[in-house]
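Next up: a single chain in structure tokens, the form predicted alone.
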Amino acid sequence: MRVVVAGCGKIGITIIKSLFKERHDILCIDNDQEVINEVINSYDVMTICGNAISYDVLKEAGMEKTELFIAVTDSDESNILSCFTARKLGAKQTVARIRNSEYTAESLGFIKESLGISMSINPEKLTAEAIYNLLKLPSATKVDTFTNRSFEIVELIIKKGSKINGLSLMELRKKFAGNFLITVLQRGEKVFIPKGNTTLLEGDKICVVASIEEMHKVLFSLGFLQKESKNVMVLGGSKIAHYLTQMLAKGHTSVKIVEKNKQRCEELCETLPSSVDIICGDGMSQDILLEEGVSQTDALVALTGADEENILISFYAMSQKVPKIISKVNTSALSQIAENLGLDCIVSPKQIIADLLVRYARALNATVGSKVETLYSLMDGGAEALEFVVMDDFEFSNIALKDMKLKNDVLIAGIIRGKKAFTPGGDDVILSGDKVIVISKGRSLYSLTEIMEGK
């Protein structure tokens, strides 16, 4: 597929990297020649140095043969205008990053329909939603949901003294009730789909798939479930903090934001509910954190603009025995270091957006039999969870799963049939209209047929 990416900042580069791995034909636009040079040195892609809202630049970029145009510059208005122009010049699908919280769902819908924008993305809002899910399931290090929240997939770390430490998956099934699957396991640097005789060990990171109704019961049974975080301290008054606080306040969660910029504090006071405490101070100050009760809080969320600060604050919170700590870290190298040193819960806005656009690109590449509805990266990219919509012409419909010959490192983890979501057994079949959740390790899947041997 031919993809044009306008804007090569942090998010743009991550999108380019992810789509480049997917083997798409990519052209990049940015008005900074130094940035363009960095892209050229890192990736085998075409580039144009220029303004993405320029008719001449977009004409030169070949919009008439572009299947997907993605605008992720720093300006919402530039992204909207460039998508409009790109569509008029022939781009088939356009995606605009629109971050301003003043745009409501209604106004965004009007803009998209009027200007022919296929999709709008808001990294800050999506990141806030990811953090919100983690605060609702504090034992998890990552939480993703599928269609209509029918299924959840959560990443968990087996701690010292865990009741499942030393059990094989077969023993686990016999000992613990619940309709669930352990689908992926990471042990050190190795990521794999476990078998029935695989023994779980302290320090392993596992992915558990269950229906939304079952997940709390499953986690409680396995000894992972903690109470929801009802007293949250947020460091940094960013857009993410604003969206997150709105979500938490609706659920009657007590929120305290520590922000050192006085003007930003005033803005937050004007736009957030009166129940939210806004503290004007430096979140890097241990005295301020102690004074504001960090050691008594249920969760600390580090959302400052500096990765290093977020990591350091999080380690301090660990020393204060804060039960749940979430850090925003965009730099991959720093994220890996932080995880290796014991920070379990790290979110990356740029990776959330990259996963979303990889999924969108695969859906546009829909082949015979199925199309990609949802895609999530698991275990830091070591595996994927995909949700496929089954078409009428899927050639393996009505065949019992036990009779299917699946490729190695592929697992069917769930089926959504109408309003029913279930973990399938060997006698279950796939039907037209089903949504099928597949776990894949070491391979990129574009259709459901590709999970079969010989396909």
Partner chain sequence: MNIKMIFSTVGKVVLIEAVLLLLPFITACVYTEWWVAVSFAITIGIALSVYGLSKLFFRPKNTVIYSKEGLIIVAFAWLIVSCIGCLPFIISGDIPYFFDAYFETVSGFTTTGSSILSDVESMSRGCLLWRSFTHWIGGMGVLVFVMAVTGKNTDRSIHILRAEMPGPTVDKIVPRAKDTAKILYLIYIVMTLAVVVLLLCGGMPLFDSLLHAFGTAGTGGFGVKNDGIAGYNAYCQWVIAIFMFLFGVNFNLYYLILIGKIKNVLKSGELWAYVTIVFLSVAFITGNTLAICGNFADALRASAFQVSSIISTTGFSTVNFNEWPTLSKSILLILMLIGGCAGSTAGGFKVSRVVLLSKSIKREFKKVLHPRNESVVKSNGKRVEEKTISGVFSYLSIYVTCMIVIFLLISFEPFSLETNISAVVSCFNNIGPGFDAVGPTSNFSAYSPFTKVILSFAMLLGRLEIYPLLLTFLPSTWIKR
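Keep in mind that this is a model prediction, so the values were computed, not measured. Numbering follows the first chain given and starts at 1.
Keep in mind that the form predicted in complex with the partner chain is not shown, yet the notes after this line are about it.
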Though only this chain appears here, would residue 422 touch the partner chain in the model of the complex if you measure heavy atom gaps against 4.5 Å?
no
Classify residue 24 as contacting or not contacting the partner chain in the model of the complex by the rule of any non-hydrogen atom within 4.5 angstroms, answering yes or no.
yes
Does any part of residue 60 reach within 4.5 Å of the partner chain in the model of the complex? Heavy atoms only, please.
yes
Residue-level contact is defined here as any heavy atom of the residue lying within 4.5 Å of the partner chain in the model of the complex; does residue 44 satisfy this criterion?
yes
Answer range among 426-434, 410-418, 394-402, 29-37 for contact with the partner chain, defined in the model of the complex as heavy atoms within 4.5 Å:
29-37
Taking heavy atoms and a 4.5 Å limit, what residues of 179-214 are near the partner chain in the model of the complex?
none
